[in-house]
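A lone chain, given as structure tokens: the form predicted alone.
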Amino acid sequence: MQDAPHALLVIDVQNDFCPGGALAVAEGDVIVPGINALMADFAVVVLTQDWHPATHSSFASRHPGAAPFSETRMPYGPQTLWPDHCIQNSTGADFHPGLTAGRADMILRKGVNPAIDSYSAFFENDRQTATGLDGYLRSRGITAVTLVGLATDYCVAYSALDAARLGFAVTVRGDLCRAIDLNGSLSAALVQMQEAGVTLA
């Protein structure tokens, strides 16, 4: 058992990010048993859930002529355009059926605002609008977080970088994550995390 100030953040282990889903990450389902086993070691477990309205501005379908995985410019900066995924109340947005979601002390839904994407569990992509997770963890006395889930190079990395910036001790369990690896995004994310002091385990 990890000491009480340590929380496990399980990032976006949802059907649409697993094989057969709308934005499938290769082997995204393989990590589920290991994550379930790891939950027993932590006093606090938080699950995040991408929870997009059907009209979300990060969907390529909302930009006529734009292809999925192309990039556009939003008021808050560059934005990758994704296939429609994790639409609220859809099967794709559900947690993977093998995930022990009932163990969660908190479920954090993100990406709800149609005008802005939200990779990080802590902030939306404007880097300013907080999700409330920081305050929740501090109210529980948490000083360290371990991250697992999908995808290493997007929502896991953004969450890890924000956690480090907020002063948490941060570990990413690479064996319990899988990556999209879009145009070298995985190697770039790993370098960023290392430079930010994140422990890659």
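All values derive from a computational prediction rather than experimental measurement. Counting begins at 1, following the sequence as shown.
We do not show the form predicted in complex with a small molecule, though everything after this point is about it.
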Report summary line: Partner-free chain; cross-checking the small molecule in the predicted complex, the single residue of Leu161, Val46, Val32, Cys155 with a heavy atom within 4.5 Å is Cys155
Query raised in the report: Going by heavy atoms within 4.5 Å, which of 50 to 58, 168 to 176, 33 to 41, 134 to 142 lines up against the small molecule in the predicted complex?
Result: 50 to 58
Requested in this report: Could you confirm whether Asp16 comes within 4.5 Å of the small molecule in the predicted complex, counting heavy atoms only?
Outcome: no
Query raised in the report: Looking in the predicted complex, any heavy atom of Leu150 within 4.5 Å of the small molecule?
Result: yes
Query raised in the report: Taking heavy atoms only, is Phe95 within 4.5 angstroms of the small molecule in the predicted complex?
Result: no
Query raised in the report: At the 4.5 Å heavy atom threshold, is Ala189 in contact with the small molecule in the predicted complex?
Result: no
